[in-house]
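Just the one chain here, the form predicted on its own, laid out as structure tokens.
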């Protein structure tokens, strides 16, 4: 019952769209950081849509201390957010670490995110530090001399609001027309291809998550939900904590890819809707009135999911050291989860120096409590549900 966090990560089949200009030899480097972790398929699809060969779309490797030492040394800028600071190594790897040089370094300024909660919350904005991180790190490569010009690399950081699909073509045309010699029409068509790629990938991942949840329900076995920001999928940011847990036999579901199947959503939230506590399964106004931040909104929503779904017996909350956006959510998410009897464990100080020994000890502790308490947690949570989940009911009739 394993789940791959990213199927064929950062890659997909090439598009066959006809284009007005030949860009097949252009190589584009993208730092694999921050919100690229859950929008990468959009950027791959978009670039293919304007004629960039998929083999010429280059992502940096996962974050590591070696990457920072080799490629980011002397390029650091002041920022208390480690995931932002780590970008220096990614930029350097793309500029200096490629056997075949890139022509463009693409590091978008993503102001807002596509989200399943869209229309049910105030906004889907990104963290301001994360959004501005691209320009912050860029300055480290221009403080003495322009490294991009010196290496004949065009730097592109288009501003985009990915939660508002109608205006994205104009935003990317304005930000990239001089980089790739684009027309508006081909930009618009490429944006459509990008969103189709992103939607297809997300549906595929949600289907995998649904398969895991159904299997857990049919066998009455527990699974673990990871509540975190997208970049915690990066092995150098999240330290592979979820992988260690999965090695003990507990399937992992990431909140970013939790299925939004209407039947499942209605089963989980039908009583709350009947009692008019919320208007829809995606409404978080009962626990979080200030719902402007996309990742924060989804963190609170995921906590509500974990509190209701019987076979999620444990939540792992990942957060980077002193993350200002996460601080206000620690207590609410813990209370929501623990009030349902579900186990809650927080790694709230993840950084580059997180000792592997302490992580291993904590994982062993988590495994002990999941093994000891899961059966009773499932039983108590099932007792609170008014009906059976349809897939389980169907299985029982066979």
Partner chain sequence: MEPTPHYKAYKPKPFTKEQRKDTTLLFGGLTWKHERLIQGAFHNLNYKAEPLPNITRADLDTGKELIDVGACCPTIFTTGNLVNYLKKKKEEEGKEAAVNDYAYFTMGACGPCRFGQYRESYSMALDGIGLRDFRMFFLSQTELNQGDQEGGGLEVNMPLTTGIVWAILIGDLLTDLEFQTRPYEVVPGQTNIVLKECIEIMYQAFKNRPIDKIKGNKWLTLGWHVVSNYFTDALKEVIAKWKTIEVNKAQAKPMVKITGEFWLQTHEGDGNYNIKDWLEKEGAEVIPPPVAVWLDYLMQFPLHALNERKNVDKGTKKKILMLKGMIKMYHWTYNRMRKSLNEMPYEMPSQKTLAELAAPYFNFRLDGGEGHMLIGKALYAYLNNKAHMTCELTPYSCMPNTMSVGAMANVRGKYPELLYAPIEIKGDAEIHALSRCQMILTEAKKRALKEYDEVMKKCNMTPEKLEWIALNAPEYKEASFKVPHNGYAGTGANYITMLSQYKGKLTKTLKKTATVTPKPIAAETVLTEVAATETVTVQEPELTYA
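Positions refer to the first chain, counted from 1. Quantities reported herein were computed from a predicted structural model and do not represent experimental measurements.
Below: the form predicted together with the partner chain, not depicted.
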Practice task
Using heavy atoms and a 4.5 Å cut-off, decide whether 171, 328 and 336 all contact the partner chain in the predicted complex.
Solution key: yes
Exercise for the section: With the partner chain left out of view, choose which of 151, 220, 196, 139 has a non-hydrogen atom within 4.5 angstroms of it in the predicted complex. Expected result: 139
Problem - in the predicted complex, the residue from 121, 316, 176, 307 that sits within 4.5 Å of the partner chain by heavy atoms - result: 307
Problem - the partner chain contact in the predicted complex: residue 384, any heavy atom under 4.5 Å - result: yes
Problem - is_contact(residue 111, the partner chain) in the predicted complex, heavy atom dist at most 4.5 Å - result: yes
Exercise for the section: May I ask you to state whether residue 348 is within 4.5 Å of the partner chain in the predicted complex, using heavy atom distances? Expected result: no
Problem - Interface membership of residue 246, the partner chain in the predicted complex, 4.5 Å heavy atom rule - result: no
Completion exercise
Of 249-257, 307-315, 234-242, 187-195, the segment with heavy atoms within 4.5 Å of the partner chain in the predicted complex is residues 307-315
Problem - the partner chain in the predicted complex - contacting residues of 24-62, heavy atom within 4.5 Å - result: none
